[in-house]
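Only one chain is given next, in structure tokens, and it is the form predicted on its own.
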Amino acid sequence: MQPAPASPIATFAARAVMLAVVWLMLTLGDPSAWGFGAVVIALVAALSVLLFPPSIHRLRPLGLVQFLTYFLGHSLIAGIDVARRLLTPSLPIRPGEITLSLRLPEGGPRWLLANTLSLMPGTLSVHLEENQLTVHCLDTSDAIEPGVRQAEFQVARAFGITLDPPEGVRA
């Protein structure tokens, strides 16, 4: 039996609290900013519930920590690789797109994977429809699919979804 998705009201409240924490940090706790901030927080939380309704897939704390560790490490490595390519006089890039079939379920897990790939230097998610994800890559001569499969595995782990790990990745 699958867990039921959270109610829209509970989801709105949880997202509003998270946005309030972000607002508190951005304004350094300035009380004069809360009037405008409360309106913005309510609108953004409501819009997020409309665009991204509650799902049965929830992030797991340990999986989220593992995912963030993976994301930060691979973002650094990818950033160094992009800088190396741009600083090399021969500019070793072959831009292009690849389309992959995803194993993740619809909703939050697929969106997190697409956005994760967009935030990593050298890749950009350009189209997500059903289980097909098209990724623009800086160099199509590189092995892109293993990297996407590793990111997919990390996202699955963050949500507590069981996927077979890609080759060379320990479960």
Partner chain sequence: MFDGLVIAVQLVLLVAGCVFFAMGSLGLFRFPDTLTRIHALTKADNLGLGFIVVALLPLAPSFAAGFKTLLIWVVALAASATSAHLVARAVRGNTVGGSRTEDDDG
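Residue numbers count along the first chain shown, from 1. These numbers were taken from a predicted model, which means no experiment stands behind them.
This protein has a second form, the form predicted in complex with the partner chain, left out of what is shown; the following refers to that one.
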Check your understanding: Would the partner chain be touched by all three of L76, V82 and P89 in the predicted bound form, meaning a heavy atom each within 4.5 Å?
Key -> yes
Point to revise | 4.5 Å heavy atom contact, G108 to the partner chain in the predicted bound form | key: no
Check your understanding: Hey, in the predicted bound form, is I56 touching the partner chain, heavy atoms inside 4.5 Å?
Key -> no
Review point. Does G122 reach the partner chain in the predicted bound form, with heavy atoms at most 4.5 Å apart?
Key: yes
Practice item. Although the partner chain is absent from this view, report whether L117 comes within 4.5 Å of it in the predicted bound form, heavy atoms only. Key: yes
Review point. With the partner chain left out of view, which of L26, A143, V65, V39 would have a heavy atom within 4.5 Å of it in the predicted bound form?
Key: L26
Revision key, fill the gap. Within 4.5 Å of the partner chain in the predicted bound form, heavy atom basis, the matching stretch of 100 to 108, 123 to 131, 57 to 65, 42 to 50 is 123 to 131
